[in-house]
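Given as structure tokens, the chain that follows is alone and in the form predicted on its own.
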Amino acid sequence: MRHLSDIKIVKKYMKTPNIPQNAPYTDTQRAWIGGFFAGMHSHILLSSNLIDQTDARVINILYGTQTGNSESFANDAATIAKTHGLLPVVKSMDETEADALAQMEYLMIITSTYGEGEMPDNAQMLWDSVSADSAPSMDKIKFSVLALGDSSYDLFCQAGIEWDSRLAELGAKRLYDRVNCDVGHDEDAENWISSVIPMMAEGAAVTLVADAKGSSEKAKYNRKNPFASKMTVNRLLTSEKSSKETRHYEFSLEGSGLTYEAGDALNVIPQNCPELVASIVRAISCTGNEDEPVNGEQMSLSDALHSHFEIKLPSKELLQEIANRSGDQQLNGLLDSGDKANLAKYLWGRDILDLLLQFPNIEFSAAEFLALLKPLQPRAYSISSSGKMHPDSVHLTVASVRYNAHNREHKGVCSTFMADLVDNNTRVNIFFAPNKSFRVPEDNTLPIIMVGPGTGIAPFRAFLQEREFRKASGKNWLLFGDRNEATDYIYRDEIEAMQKKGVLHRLDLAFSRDQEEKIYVQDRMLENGAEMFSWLEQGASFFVCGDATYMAKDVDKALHAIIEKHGNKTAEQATDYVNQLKKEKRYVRDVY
């Protein structure tokens, strides 16, 4: 029987009026689709037994994801596909080979973009095969691409753009134009699904197809309906003498019915700093009392800036408008030249208020200013607790962002919201983001290696709690580090207690500034390369969490070097070994 949640998903996507004008439908086909959608509402709601059809048209839905968002949309697409008589096959890109891809007939690609225009980890191997000169022809495929991204990055939706272009180059037929979906604009993804599925179903028998395994319950709480939680713990982890401020938070799940797994992320919906809101209102020569419509609701400018819009980093539209109105030669020159490196250097440390203060003669009406802002986005944090050990609460480990630049103090939006603004009377809106690829192995006898410097330790605190709860016999190895042991060794008491209890079998520490020559976690890896390779040969999973720009890349290089040296392999063979680890989901990263 179909879950009620599936019915809700179907209703959400059944949008008769939005048949794309550029879709290759005849008037007759448009009329048929309209009638089909009108009748389908009642048919789905009245039918509890869905008919199995073994000869249903198969559509393949491949997703590339770093945090699970693409997978969520892929599952939504699959639910809708079934109502159109289609048989959806949902797979992670690392579960597919290029030759198998070439044999597919109907294909939906849903992929995020990671870092600066990079493929997500689970898409990289397939992309390497597809982008190679030896890639097979894709001329059997009829496809469409949903590209997820963040327009604040220069290479917005780059991974999806490259997939769309490469499939066409290899002979695949594009059924529907690629849609670039900005963060927070879920309706763009929903419209894409609603448009593509009927095109892929055209000519197919329209019979509802049962899901033999059933379908997963749609989350009760999500981005549009978050859970209002109470923060029960806000504890400083680093020493007051530290150059950093890292805090431990706990949020109550009491009464929510929510559950989570070690490895998942928690999304926190922040509120902006009241002082920053007031400063921006003054800088644009408004009062803050201006009444404006936001998401169908009238509210004051101050309330809108406090709870609904990003007011730290300028959108590209706001930046361009400031340049236009100021007439500043330097800023206009950087924007006109397309010199991204120098523009990034110019913007480093600057936020919206800095730019407004730099050009004090610029004025905006409340409506003009709001139209140039992006919606306030949730911040995702790796969970640092096991849901089995702590079913009634969820823990986070977060570094507070604070710095001085351009003659004023700057603060991170969400990190200082939690640190400074949440009190006993504040409810914090949260929702979970499952990360099914970043999980403790189901086999409790297998060893795991965890590399997590700084706040990268968060999911590994959860992993160790999970292994302790399960009474897992597999060995656990943690590599942790930060700047100084005396001030930055967070969770030290817990880590040492886990060692004494035999939960943590090996610990390697790297405090970079405690000696003249800096030492990092990748250095500890290389020092203990023989044993690390031995663990990998015993079936160990290798997990990495933390900084993507430097640490994760250096750890990856060290891993290749260890396998090459201690496995007596060539560089190419070491790469094949690492790729096999990825394929087996034994090399997994949660990096940012």
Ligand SMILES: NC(=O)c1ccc[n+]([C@@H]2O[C@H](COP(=O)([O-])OP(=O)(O)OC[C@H]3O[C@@H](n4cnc5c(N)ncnc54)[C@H](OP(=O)(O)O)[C@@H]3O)[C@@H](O)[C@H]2O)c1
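Throughout, we count residues from 1 along the sequence that is shown. All figures in this text were calculated on a predicted structure; none of them were measured in a lab.
FYI, the form predicted in complex with this ligand isn't displayed, but the following is about it.
**Student:** Only one of 475, 308, 142, 483 gets a heavy atom within 4.5 Å of this ligand in the predicted bound form. Which one?
**Tutor:** None of the other options qualify; the answer is 483.
**Student:** Of the options 221, 489, 127, 520, which one has a non-hydrogen atom that comes within 4.5 Å of this ligand in the predicted bound form?
**Tutor:** Checking each option against this ligand in the predicted bound form, the one that comes within 4.5 Å is 520.
**Student:** Counting only non-hydrogen atoms, choose the one of 195 to 203, 317 to 325, 454 to 462, 226 to 234 that falls within 4.5 Å of this ligand in the predicted bound form.
**Tutor:** In the other structure, the partner sits against 454 to 462.
**Student:** In the predicted bound form, does residue 551 have a heavy atom within 4.5 Å of this ligand?
**Tutor:** Residue-level check for residue 551: yes, a contact with this ligand.
**Student:** Should residue 506 be counted as a contact of this ligand in the predicted bound form, where contact means heavy atoms within 4.5 Å?
**Tutor:** No, residue 506 is distant from the partner.
**Student:** Would residue 279 count as touching this ligand in the predicted bound form under a 4.5 Å heavy atom rule?
**Tutor:** Taking the distances in the predicted bound form, the answer for residue 279 is no, it never comes within 4.5 Å of this ligand.
**Student:** So, residue 399 and this ligand: in the predicted bound form, are they within 4.5 Å at any heavy atom pair?
**Tutor:** Yes, contact at 4.5 Å.
**Student:** Pull the contact list for 425 to 452: residues with a heavy atom within 4.5 Å of this ligand in the predicted bound form, in sequence order.
**Tutor:** Counting only heavy atoms within 4.5 Å of this ligand in the predicted bound form, no residue of 425 to 452 makes contact.
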